[in-house]
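In the form predicted on its own, a lone chain appears below as structure tokens.
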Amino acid sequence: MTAQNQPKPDGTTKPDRNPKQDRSRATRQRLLEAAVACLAEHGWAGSTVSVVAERAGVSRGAAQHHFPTREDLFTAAVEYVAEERSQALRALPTDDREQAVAALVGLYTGPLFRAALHLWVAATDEEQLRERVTELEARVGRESHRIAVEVLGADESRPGVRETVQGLLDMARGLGLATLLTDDRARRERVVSQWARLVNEALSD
């Protein structure tokens, strides 16, 4: 009896894992990670299925088995980005509001958000992408706002609190957009520090 096929407490046996399914999941994961990296580094125009497949170390045919079209691949990549962003949001510190503000902004100035920005730009001209990306980003926006409220300990029943949280997220997106052009880290840190103080004052009892 194999290690993967040991008896369970009820006397039945646990079925072996399916190596083929494991390889398929691993290939899909590599493709998504490669697609995100390509978008962040090369933008939409430079991120073809062939380029992504090569970066992932798989054949173009294998890539198309998982994602039949380029739009399928990159929409799935942004869904992957969205989930990674959500997980990162949930892991943010909650014991220090100013630190949480800085960490929130950090999520919008990193490679995951940069990849999403490239897809947004592409969606303005690619009809097949626009509806998918618009729907996805609406969902991501709601999730980001909800998690930010939790992380910041914000009471949205108080006047102006919801707008304060949304203003913070909008500011973070703006800094993420600016990061595409230049890495003005010193100026950004000053801006974030000031915003952290303002948000803390606005949300404090």
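A residue's number is simply how far along the shown sequence it sits, counting from 1. This one's a predicted model, so the numbers in the text were calculated from it and none came from an experiment.
The protein also exists as the form predicted together with a further copy of the same chain; that form is not presented, and the subsequent description refers to it.
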a further copy of the same chain contact at V58 in the predicted bound form, heavy atom, 4.5 Å: no
Residue contact check: V36 to a further copy of the same chain in the predicted bound form, 4.5 Å heavy atom: no
Any non-hydrogen atom of A77 within 4.5 angstroms of a further copy of the same chain in the predicted bound form: no
In the predicted bound form, P68 touching a further copy of the same chain (heavy atom, 4.5 Å): no
Contact segment among 159-167, 49-57, 146-154, 25-33, judged by heavy atoms lying within 4.5 Å of a further copy of the same chain in the predicted bound form: 159-167
Listed residue (V81, A100, L73, V133) with a non-hydrogen atom within 4.5 angstroms of a further copy of the same chain in the predicted bound form: V133
In the predicted bound form: members of 155-191 within 4.5 Å of a further copy of the same chain, any heavy atom: G160, E163, T164, Q166, G167, L168, D170, M171, R173, G174, L175, L177, A178, L180, L181, T182, R187, R190, V191
